[in-house]
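Take a look at this single chain in structure tokens; it is the form predicted on its own.
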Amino acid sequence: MNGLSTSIWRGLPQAGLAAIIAIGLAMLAPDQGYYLNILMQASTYAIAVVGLVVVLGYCGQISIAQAAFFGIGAYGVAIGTVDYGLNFFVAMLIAVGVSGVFGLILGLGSLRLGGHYLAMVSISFQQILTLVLTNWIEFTHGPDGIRNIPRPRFFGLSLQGGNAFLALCLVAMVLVALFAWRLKATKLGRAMQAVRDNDLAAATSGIDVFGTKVIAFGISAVLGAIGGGLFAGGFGYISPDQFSFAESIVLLTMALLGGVQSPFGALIGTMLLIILPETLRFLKQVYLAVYGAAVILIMVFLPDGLWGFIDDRIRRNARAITLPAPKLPLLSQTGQMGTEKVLEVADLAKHFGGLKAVDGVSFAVRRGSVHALIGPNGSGKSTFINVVTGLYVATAGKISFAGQDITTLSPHQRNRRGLARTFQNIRVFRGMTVLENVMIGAERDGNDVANAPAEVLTRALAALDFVDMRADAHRMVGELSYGHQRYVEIARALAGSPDLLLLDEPAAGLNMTEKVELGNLLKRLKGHGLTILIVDHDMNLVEQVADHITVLNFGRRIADGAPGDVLRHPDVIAAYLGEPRHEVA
């Protein structure tokens, strides 16, 4: 969280200037009447929509219960001030806390649920809250709602007037938007985006996927409650129908219309959906049809929302980063294979029912070596890698890393110990730039630069320099060729300064030129002493870089030793190579 705190402090001058502008605009608004109410609604709704940006846009978790958190904030303020005589801000603080707890509880559902199942849970939560607000008459006042909700005083300044309270709402909206904007560029924000794009790659990059999801739900609920509390004070009256499932859909539409991956998109979408219908009223009977058509056209032709279109144009015109970056730490060392066992597996097994994908495999990877794991298709190689990195739970056996038992650790805990990997089917974070992808690796807890934002940036640039991809730093990773995406994945792993790098079929899908380049890259890594466990079918590549080879067949180890001895082993020839190898490159 240190990166988030630093980012917030750096954003204070911007927040102060924006707050002053917001207060000035509020003073120009009418003190009462219809247009004041429109602005009040837009500003309070926008705060709740920014909460959706965090949970849906950043973290990719579908929540259709934002109106419920909005309602908790509103009812917390209303009940606290009207029924219990609490100070407005004290009541709001309590409401925000309660909403945050419910948000965390809803986030706990993401442990085993995702996609439409998680959406169904959030809808159920929304419906339950609506029923409680309607039927718990003794506490919520039931369908009649709560009237005469007072507005607060702020440091002796009365906010009873319409412009004054609107100024409070606008300042809160600006601060929340700036918070969310700064959040996106922090370690936590990048972790959320990584989880959104590929949770498996996020976990093996050191990110606590489940914890990140829960935090996102909590932040979203808190922001929703802030908006709801201000809404209650602004209008002085609330009732259950204002916080129904239909309102959650409205809030979701606002986020999608403006651009769900940016708080500025949330502001645009909110203002558009609330203010645009009013500006089109001069069209009389057809204004709703025109308004609906405009919304549909935007959603169809701008799938990333209005701000997504703007942001894409800004990014395309971004200049190359010329910031000098020191070389990767591994480049300061010389390759030398030692006797220390970095990774050791003993009788490792993984069974899927009656299928024994990995069956009692034992071997060790020595520090500074390139250890190859080969075998025919279906021999259990990828399953073995997944068990070692924690994506699969071992059925039996023990895994030791740097002398410590990691058999029961989660994937992100293993990565934080210094175990990094790439995937056979490339897993990059497609909604992020090349540089942001590599920064995820540099922020691995346990890394020497993990909590220093400036050093994380230079470490990521150093990793891109190593794979000769700095020129693509600002490109979205999904725009790159398959081979270059593979290099981004390798750079992401290297940026974390791992003790062991596991490469699962790194040559898969590459053309001959790219395979030659990959071979040269692996030779450079070997020359600097990085310990590597490589799985690949390309025997030319394996022979070029391997110091030691282990062969699997039907989940069992059939050979283990020096390349020359292994590749001439009769069982290996029969099971995999098909012909004897007399010479090893």
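Note that residue numbering begins at 1 and tracks the sequence as displayed. If you're wondering where the values come from, they're calculated on a predicted model, not measured in any experiment.
Omitted from view is the form predicted in complex with a small molecule, to which the following refers.
For the chain shown alone, N377 is a contact residue for the small molecule in the predicted bound form, at least one non-hydrogen atom being within 4.5 angstroms. In the predicted bound form, the small molecule lies within 4.5 Å of some heavy atom of Y392. For the chain shown alone, N198 is not a contact residue for the small molecule in the predicted bound form, no non-hydrogen atom being within 4.5 angstroms. Taking the partner from the other structure, the small molecule in the predicted bound form has a heavy atom within 4.5 Å of a heavy atom of L355. The candidate stretches are 378 to 386, 265 to 273, 146 to 154, 93 to 101, and the one lying within 4.5 Å of the small molecule in the predicted bound form by heavy atoms is 378 to 386.
When the small molecule is considered in the predicted bound form, only one residue from T458, Q424, T186, T407 comes within 4.5 Å through any heavy atom, namely Q424.
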